[in-house]
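To begin, one chain is listed below as structure tokens, in the form predicted on its own.
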Amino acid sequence: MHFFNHLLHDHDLALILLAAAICAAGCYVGVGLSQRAASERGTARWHWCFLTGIVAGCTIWATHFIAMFGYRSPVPVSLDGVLTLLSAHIAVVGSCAAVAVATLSRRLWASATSGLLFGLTIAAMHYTGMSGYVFAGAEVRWDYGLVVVSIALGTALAAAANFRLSGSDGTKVDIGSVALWVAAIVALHFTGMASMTIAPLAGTVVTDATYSGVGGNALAGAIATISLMIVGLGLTTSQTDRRQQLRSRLRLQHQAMHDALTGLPNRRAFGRALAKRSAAAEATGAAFALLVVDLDNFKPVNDGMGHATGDEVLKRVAHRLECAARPGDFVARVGGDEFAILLDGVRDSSAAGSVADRVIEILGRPFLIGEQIAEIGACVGISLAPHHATNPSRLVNHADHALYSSKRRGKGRWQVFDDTLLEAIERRRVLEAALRRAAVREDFDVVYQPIVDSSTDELVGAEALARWSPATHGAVPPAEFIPMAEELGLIGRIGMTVLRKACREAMSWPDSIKLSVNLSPVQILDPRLVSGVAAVLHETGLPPQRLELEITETALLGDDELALRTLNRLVALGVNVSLDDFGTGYSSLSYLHRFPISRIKIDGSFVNQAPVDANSASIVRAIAELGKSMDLQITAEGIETAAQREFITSHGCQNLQGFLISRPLSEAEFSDLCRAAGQERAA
């Protein structure tokens, strides 16, 4: 009761409220600065501790002196300048020390120590400041019990404030800590004031208090103005820093969720967007489609034209995808040359297919990069939610399966997932494992398709053809397992297996019969090919001039200089080289001029139509004439009818091959054919 009577009757309420406002504002800013200091490390932490100490110290000092100016002293009062300045220094230095300790650790000892320092700072400032008040003609009496209580209250409340601060996340100013700081300052000040009694000496005239000839209200206003300026500086600094932190945080969040090159959302952002839509699809049946887009021919562009050009192509691909998608669709870059699009509200494959058509069409247009033209393309895999799945991982897997299927069908295609794709994927997985085992065990058969002289029907050679029949699936067509072997990097090993078997078996044939073996485009680019062929010839003893290696035009497109060096080295061994499927590819005459080719083989697609199709007939005649003019041997493949044979023979093709001549034969069957041919010649 004494405390409240003292507060209400012995003070100017307006100045007390001003002191409270200064205290609340300063504590609010101080708590915010203290949180900022705790979040820093190194030198920056001490800078923020110092700024916090300045604001907190000025707040404590201003609160004390403004409240003191509001105290109605019964006698005139003057201020001791040295003690008044000393009290200000105590407030600032002690606050800096208390804040520094509080920021060292979030443990209880740091909060307790900091609270003790803060409480003792308030007490030391208060009682030093009180010592600087000179009451003329009066005696000051102290209730030391209340003095102890004031120090205990200030220390306990300050410790509670710092302990609460240690548990805050620092994202916003902790109002509870502000209230405890205010309570610590106010409780210590007014409890300390209640412990003081001013007793005028006998004969002293009681008048309104004055301070060194200046009114208390004027002094209080000056101190409040200066303090508010300091607090405002701290607030401005804090808010400016918070805005910078917010901008930095937003920038980091953007960088974390967006691709640096294209500016599109990245894989992480795509994962979140897909998870959100998947959850909605599962909960409410909300439909959406996932399109996975994979670029065609990007690697040759990136490697051949340079990575800078490749990066520019990716940027423009991103822009074109945003144009192809509908407004509001989610477009992301999820890999090097892989993108994804989420189409909200799409329930059926036709709508998703329309977007896929636009994507394929717009990415199929040439890209003009500086003076270079880059031509790529795209394939698209599609999965639908909730029809196919609502689980994000399953949706992605289904779309990937559909993408894989579309790429196997050719470039510039799209495919919607269906259950039959899983069967194809499983078949592919099993076959890949079986093919790896077969490559190690050399578990391949070789059959031979006879080649005859067109004018005499004499057997002149055979083309070796690889066959594979795994126990789990039966015979697998070469058109299926050869591309698979190329993708898996097994074609070199398999090719050498077939070459070795064929050369070994050809040693039992008559010397006049040549052996033709196909080379994959991948093998042509293998630096070990020439040494491998030389080793097989040495191992089997087959004369090099009896071996003819068949290549396709596509083998010359990847790196024609490397291909030229490889073929020249093979010819140096004594091996002949033929160009297979002539006319179906680019058919550049420069190949025949630059490369050491001794034979060209007319593709069966022209031979089949030659007797009745004028265009095919013209192509066959042109190839035959070309062979004659360049002194090249000509072999026609795919002879199936007597009319085809007659047409081909009449145009000067030296050798014939096809089902009309013979189907592919096993080694035993071909050996029997060789013996029969030898007996006919002998007869």
Partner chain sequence: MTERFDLTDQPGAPLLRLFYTSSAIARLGARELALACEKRNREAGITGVLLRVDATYLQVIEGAPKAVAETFERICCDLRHRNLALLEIEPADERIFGDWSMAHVGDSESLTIALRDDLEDIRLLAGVNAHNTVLRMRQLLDAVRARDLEVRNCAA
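Positions refer to the first chain, counted from 1. Superpose the two forms; the largest set of C-alphas matching within 1.5 Å is the rigid core. For clarity, every value in this text was computed on a predicted model and none was experimentally measured.
Another form, the form predicted together with the partner chain, is not on view; read the next lines as being about it.
J.: Name the single residue among Asp457, Glu361, Asp311, Glu442 that comes within 4.5 Å of the partner chain in the predicted bound form, judging by heavy atoms.
T.: The residue from Asp457, Glu361, Asp311, Glu442 that makes the contact is Glu361.
J.: Within 4.5 Å, heavy atoms only, which of Lys407, His258, Arg320, Arg493 is in contact with the partner chain in the predicted bound form?
T.: It is Arg320.
J.: Does the partner chain come within 4.5 Å of any heavy atom of Gly304 in the predicted bound form?
T.: Heavy-atom contact with the partner chain at 4.5 Å: present for Gly304.
J.: Determine whether any heavy atom of His89 comes within 4.5 Å of a heavy atom of the partner chain in the predicted bound form, and answer yes or no.
T.: Flag for His89 set to no.
J.: For Pro386, is any heavy atom within 4.5 Å of the partner chain in the predicted bound form, or not?
T.: So Pro386 does not count as contacting the partner chain.
J.: Consider Pro366 of the chain shown here, and say whether it contacts the partner chain in the predicted bound form, taking contact as heavy atoms within 4.5 Å.
T.: Yes.
J.: Thinking of the partner chain in the predicted bound form, which stretch from 183-191, 609-617, 92-100, 366-374 has heavy atoms inside 4.5 Å of it?
T.: In short, 366-374.
J.: When you overlay the rigid core, is the Cα of Asp419 off by 2 Å or more between the shown form and the other one?
T.: No; that C-alpha moves by less than 2 Å between the shown form and the other one.
J.: Given a core-based superposition, decide whether the C-alpha of Val530 shifts by 2 Å or more between the shown form and the other one.
T.: It does not reach a 2 Å shift.
J.: Please check if Leu499 moves between the shown form and the other one, taking a CA shift of 2 Å or more relative to the superposed core as movement.
T.: The answer is no, as the C-alpha of Leu499 shifts between the shown form and the other one by less than 2 Å after core alignment.
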